[in-house]
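First, one chain by itself: the form predicted alone, in structure tokens.
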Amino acid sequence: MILVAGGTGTLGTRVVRALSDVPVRVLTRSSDRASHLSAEIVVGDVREPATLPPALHGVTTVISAVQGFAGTDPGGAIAVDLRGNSNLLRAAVTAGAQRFILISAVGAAPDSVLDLRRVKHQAEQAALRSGLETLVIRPTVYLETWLGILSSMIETKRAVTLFGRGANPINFVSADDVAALVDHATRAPELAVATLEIGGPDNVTLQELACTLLARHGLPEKINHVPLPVLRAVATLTRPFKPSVAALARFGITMDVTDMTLAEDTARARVPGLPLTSVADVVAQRYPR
């Protein structure tokens, strides 16, 4: 039995779909959100340790795709990505699970300028100390997530607002490609203990992506920008009383001024047959002319 925690998110839904030929259980806070999935559903919350044992019963492999960065929990990534994963790891060890596949992020490091990446690194360390066979997967930025964000703006405002210049090249990866790697890893003993980074074939700026989507919607290139000095002020002033807003501002700054490309796709080096989906392919599929 394979447990997918975070199985109703952008990646988790695709992971469950990719694992269609094996017994899969989904841990979710809301059974309604998981009603479309072909899997056993268990209601629980990684933030609440007492809810986890029923989900872990008989499980050999745990896949954690939980994330709290953009959620509603005031503790954000610390509450979900770190403490939640720590709770899940302890429950997995107690239940006798063997493998843990942790979805982290490219750039996870103790000295990262981005809060999320520092928390992801701490979660990685907790998994590696757990005694479970641990595979850490570090994707670049999910293309589908940003297509959804930008498309929502276009559909409601017929324009796009970008944090910063929007001119920084970003490596986008399709969540379907990451799900294919997770699926392969569950059947590959040689990947039981590893850290793999995975990206897509394209480095694209948010400005370019926004222009592409506006054109697909038949709209002129109307793109507004929140200047970096404003973002820095928001990040500083809102941190004491609205940490989630401050975190989003810092994330926007990071995406605009730091290297967001991928130095080496170590996942594809280890698994040469993985799909390599381009930005153009995903856009064409989601927004046919």
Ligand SMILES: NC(=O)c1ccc[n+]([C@@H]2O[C@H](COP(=O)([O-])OP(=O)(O)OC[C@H]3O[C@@H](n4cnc5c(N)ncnc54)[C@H](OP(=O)(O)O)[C@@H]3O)[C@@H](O)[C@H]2O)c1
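Residue numbers run from 1 along the displayed sequence. Bear in mind that the values here come from a model prediction, so they are computed numbers and not experimental data.
Keep in mind that the form predicted in complex with the ligand is missing from the display, and what follows is about it.
- Of the candidate stretches 182-190, 79-87, 126-134, 92-100, only 79-87 contains residues with a heavy atom within 4.5 Å of the ligand in the predicted complex.
- Between the options Gln207, Asn203, Gln122, Thr145, the residue in contact with the ligand in the predicted complex by a heavy atom within 4.5 angstroms is Thr145.
- Ala105 is the sole member of Ile170, Leu114, Ala105, Leu213 with a non-hydrogen atom within 4.5 Å of the ligand in the predicted complex.
- Remark: Leu196 does not count among the residues lining the ligand in the predicted complex, judged by a heavy atom distance of 4.5 Å or less.
- In the predicted complex, at least one heavy atom of Arg29 sits within 4.5 Å of the ligand.
- By the criterion of a heavy atom within 4.5 Å, Arg33 is counted among the residues contacting the ligand in the predicted complex.
- Shown alone here, Leu11 lies within 4.5 Å of the ligand in the predicted complex, counting heavy atoms only.
- Heavy atoms closer than or equal to 4.5 Å to the ligand in the predicted complex belong, across 137-161, to the residues Pro139, Thr140, Val141, Tyr142, Thr145, ordered by sequence position.
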